[in-house]
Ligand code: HEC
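Quick setup: one chain, the form predicted on its own, written in structure tokens, and binding and motion questions come after.
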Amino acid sequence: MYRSFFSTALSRFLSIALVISGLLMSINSHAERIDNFVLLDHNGDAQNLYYHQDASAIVIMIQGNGCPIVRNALTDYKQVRDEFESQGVKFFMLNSNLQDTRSAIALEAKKYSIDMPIMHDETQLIGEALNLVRTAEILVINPKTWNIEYRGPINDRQVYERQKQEASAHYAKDAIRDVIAGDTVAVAQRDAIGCLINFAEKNGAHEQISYTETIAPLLQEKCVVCHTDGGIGPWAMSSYELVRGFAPMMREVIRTKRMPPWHADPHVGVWKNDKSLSIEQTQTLVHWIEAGAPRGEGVDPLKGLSIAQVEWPLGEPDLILELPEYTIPASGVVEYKFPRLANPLDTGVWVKSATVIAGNREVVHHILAGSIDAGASAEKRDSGVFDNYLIGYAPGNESNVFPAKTGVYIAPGGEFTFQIHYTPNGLESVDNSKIGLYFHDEKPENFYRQDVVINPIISIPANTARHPEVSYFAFDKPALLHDLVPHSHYRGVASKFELIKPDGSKELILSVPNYDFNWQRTYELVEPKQIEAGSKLVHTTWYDNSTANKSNPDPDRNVTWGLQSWDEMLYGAFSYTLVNETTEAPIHDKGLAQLTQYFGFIDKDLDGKLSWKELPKRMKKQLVQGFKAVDTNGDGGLDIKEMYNIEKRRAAKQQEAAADAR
């Protein structure tokens, strides 16, 4: 009897145990998947989660300013980082606090010596999607599956109001070891110990967001101008049904900052024609999508909406330049085209704006346009488009409207010059691009000046994830800066422009932490930036020449300057006006400006003078006996004025030699 009872009880116990074991295995095997996102960290750098797909594991600690649990856990977290970082594990922190600003997070990082990126989730959308509840929680992610294999406290050292001297259980370490080894994490989730996070919008009635009153007008304001029939967008936002069908894709490109195509850091500068979504717009749109993109009541505002596709968005041009017709092959390399067109005008004109109409936007990578005067020297003819620059076209950069009361003078005769770059797209096609020029009725007050911070001697090492290159342009006269254009190729991932003032102080003017080669934006300041004489406009670009950069043509190659997209450029265009210049009294010295451009990439330490070590070999040969003589102020280096005097003497000697030869 007892044996029968025992046998029955044991059988029931084993059955229950098997069920519980199966449930536990089911729970542990059904890990939560994390979708990709891009966030800016407390330093303003872009962090793309899926970029680290080759890591052995990714670990994220949820950070919050002022939380004593987080602050107390920092030493433990750093110790874990120091132990596993050499094994290919990537470590981050994530702040989703409603109350924490980027500047406040940066101060917290400085105060507590946090030496890893703190990603700022200022929309709280990433924290919501991760179902975060408390700070100090640890997420251990497997990049092979993008599953969160462990979430919970870092160890058992802390509880509320008290802590142990040493931890006896190391949950995060154990989970990381399991992920690296390819083993199942024994306990995938534990209750976190930390400060509660206030997700103000998490429990909102998002299914009640009105498509007709809120979503459709938002899309009309920010998206429909491109996503329309005949527009640059790949599909038209012409009805609720189409928007709903693409809604999951819209959520993805918003979370990864691929759309809208505006890549300036929102915390640096104020720009005209800002295409970005505000925090509130981003929250509203993503919440509506995550609620299932409900239709709601009302007439569809997008149904039958027609955006007029005018050929010339600035109106009918005063002069239309028809570029030569080119046939673009389906594949291969198309050499740059440098066509010239005779200037048909018999009187001088002042250009106030220009528009490029690409004949085939799918294959036209960029078009640059300028002019040269009749009888220009061979040197000026070779410089071509840059001698009297008018416009640079790329997707998103179709028109250039000069600042009010400024212009570019085109003398009668001469030639219009162009540089065209084509990229085959798999289908043979023909391009017939056009450029429209618009003229002032009267002579403007000032010249519109354009220049470039450039470095043609860049060298980007093979298999290097984040390599910086720098150059600058020094202003010898007071100026107003109007706009900035960062440009690089497939390996360019971030750019910034800083101003170093005469007193040595620095000011960040533009930061593009998530540069996208497909969109060449002109960032035009709402209010022109005043620049003191003696200031340097410093341009820095970071290049990703590693295998993690999926756009990289060849990570094993040391990359140098080149026109084609598999080469690279450090090229920061900008426009300005000189404060004390007028069209009646020009003071701009083009020769000095060109020398300044050259000087900016030779002066590696940015100190405003070229030491003997920094001088190019050609100049060293010329000055081997006379360096001290040309260093007129005796400071051990050649500044721009001293270099300019050398160049003027050299040019004078050349002219004398030419005269003697005649």
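We number the residues from 1 along the sequence you see. Everything quoted here is computed from the prediction, not taken from an experiment. Basically, rigid core = biggest C-alpha set you can superpose within 1.5 Å across the two forms.
Quick note: we don't show the form predicted together with the ligand, though the next part is all about it.
Contact check for Pro234: a non-hydrogen atom falls within 4.5 Å of the ligand in the predicted bound form. Remark: Val225 counts among the residues lining the ligand in the predicted bound form, judged by a heavy atom distance of 4.5 Å or less. In the predicted bound form, the ligand stays beyond 4.5 Å of every heavy atom belonging to Pro586.
The ligand is not shown here, and in the predicted bound form it never comes within 4.5 Å of any heavy atom of Leu314.
Here the chain stands by itself, but in the predicted bound form one stretch of 162 to 170, 516 to 524, 398 to 406, 193 to 201, 516 to 524, has heavy atoms within 4.5 Å of the ligand. Pro261 is the sole member of Pro553, Gly413, Pro324, Pro261 with a non-hydrogen atom within 4.5 Å of the ligand in the predicted bound form. With the partner omitted from this view, the residue of Leu510, Ile148, Leu277, Ala293 that lies near the ligand in the predicted bound form is Leu277 [heavy atom within 4.5 Å]. The candidate site formed by Ile34, Arg102 and Ala106 is entirely out of contact with the ligand in the predicted bound form, as no residue has a non-hydrogen atom within 4.5 angstroms of it. Although the ligand is not shown here, in the predicted bound form the stretch 355 to 369 places heavy atoms of just one residue, His365, within 4.5 Å of it. Comparing the forms between this form and the one not shown on their rigid core, the Cα displacement of Pro424 reaches 2 Å or more. Once you line up the core between this form and the one not shown, the Cα of Arg361 ends up 2 Å or more from where it was. Inter-residue distance, Gln594 to Asn397 (Cα): increased by at least 3 Å in the predicted bound form versus the depicted form. Cα of Lys222 to Cα of Gly396: at least 3 Å shorter in the predicted bound form than in the shown structure.
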